[in-house]
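Below you'll find only one chain, the form predicted on its own, shown as structure tokens.
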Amino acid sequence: MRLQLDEYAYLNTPLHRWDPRYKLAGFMILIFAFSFVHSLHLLPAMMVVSGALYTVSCLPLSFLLARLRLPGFFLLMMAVLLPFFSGQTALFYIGPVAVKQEGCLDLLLISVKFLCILTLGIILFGTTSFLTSVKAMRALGLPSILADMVLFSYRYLYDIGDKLKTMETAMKLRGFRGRDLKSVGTLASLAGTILVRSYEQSDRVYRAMILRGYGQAGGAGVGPRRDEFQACPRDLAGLLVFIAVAVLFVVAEIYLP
């Protein structure tokens, strides 16, 4: 199975070698610190930190851009709405419509925070295999049922996507184009078929897991082994550096005008 988010997890960089538990904790602390920032003066520092970490990860730039494409539609909607409807101070006019200063600044803040936090998330899950990340979550205390739900949701998103592409190809071969309102009913039937097939497959997978001892003492899905991860002082030092950077952002946010 080839998972798209961790296709470069095999690289050998300090971030790839970092213990997944410390890496998960460090990146989450930094992400929360970024989300706490509201001062425009800290945006360049956030971009520098995110860019430096992405450079260290050695992930291709195309990898980042491809995964920013869909979330970028959210920014596009914000760019359309905020400059025109947020604030009172007019910067300039586009015909009869005023572009507001407060809206532009809000758009800048939201865009930079959004891109920096998303970049950190991509680095976090792009430098570790997704299965290892889930094991690290369980080692940090995430209930096993939630960890399994995360893993299966991620796994079967791609499986459902493959089925959807197969069905779309079959529909196109039969002359379906989907360019008018009459095709809404067909698309609704397609979504319903995908939903029913996904439910049936999840039921089959669950029954197969139960037969193999899932959820029982000594069976599969009990929890990670104690020797699953081996941390060293370097891993702890990396976590302390991330905590120090996060604290600097929080303190600067509190004391900057």
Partner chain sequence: MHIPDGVLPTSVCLGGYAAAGAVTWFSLRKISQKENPREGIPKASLLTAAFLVASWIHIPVPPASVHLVLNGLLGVVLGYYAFPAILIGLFFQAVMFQHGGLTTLGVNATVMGVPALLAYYLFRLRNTFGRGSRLSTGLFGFLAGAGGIGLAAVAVFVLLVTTIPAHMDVEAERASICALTLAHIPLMIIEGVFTAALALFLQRVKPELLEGES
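Residue numbers count along the first chain shown, from 1. Treat the numbers as computed from the prediction; the structure is a model and nothing was measured. Only the largest set of C-alpha atoms that superpose within 1.5 Å between the two forms is called the rigid core.
The discussion below concerns the form predicted together with the partner chain, not included here.
Under a 4.5 Å heavy atom criterion, is Lys113 part of the interface with the partner chain in the predicted complex?
Close contact exists here: in the predicted complex, Lys113 approaches the partner chain to within 4.5 Å, heavy atoms only.
Considering only heavy atoms, tell me if Ile145 and the partner chain come within 4.5 Å of each other in the predicted complex.
Close contact exists here: in the predicted complex, Ile145 approaches the partner chain to within 4.5 Å, heavy atoms only.
Please run the contact check for Phe229 against the partner chain in the predicted complex: heavy atoms, 4.5 angstroms, yes or no?
It does not: once the partner chain is placed as it appears in the predicted complex, Phe229 has no heavy atom within 4.5 Å of it.
Look up in the predicted complex whether Val97 has a non-hydrogen atom within 4.5 angstroms of the partner chain, and give yes or no.
Because no heavy atom of Val97 falls inside 4.5 Å of the partner chain in the predicted complex, the answer is no.
The partner chain in the predicted complex: contacted by all of Leu70, Met149 and Tyr206, heavy atom 4.5 Å:
Yes: Leu70, Met149 and Tyr206 each sit within 4.5 Å of the partner chain in the predicted complex.
Let me know the one among Val196, Leu211, Leu61, Ala52 whose heavy atoms come within 4.5 Å of the partner chain in the predicted complex, would you?
Of the candidates Val196, Leu211, Leu61, Ala52, Val196 is the one lying within 4.5 Å of the partner chain in the predicted complex.
Using a 4.5 Å cut-off on any heavy atom, which residues of 66 to 105 would contact the partner chain in the predicted complex?
Heavy-atom contacts within 4.5 Å come from Arg67, Leu70, Pro71, Phe74, Met78, Leu82, Phe85, Ser86, Gly87, Glu102.
Superpose the two forms on their rigid core, then report whether the C-alpha of Glu102 is displaced by 2 angstroms or more between the shown form and the other one.
Not so; Glu102 is displaced by less than 2 Å.
Determine whether the C-alpha of Met137 shifts by 2 Å or more between the shown form and the other one once the rigid core is superposed.
Met137 C-alpha, core-superposed: shift of less than 2 Å.
Quick check: Tyr158 between the shown form and the other one - does its CA shift reach 2 Å or more after fitting the rigid core?
Yes, because once the rigid core is superposed, the C-alpha of Tyr158 moves 2 Å or more between the shown form and the other one.
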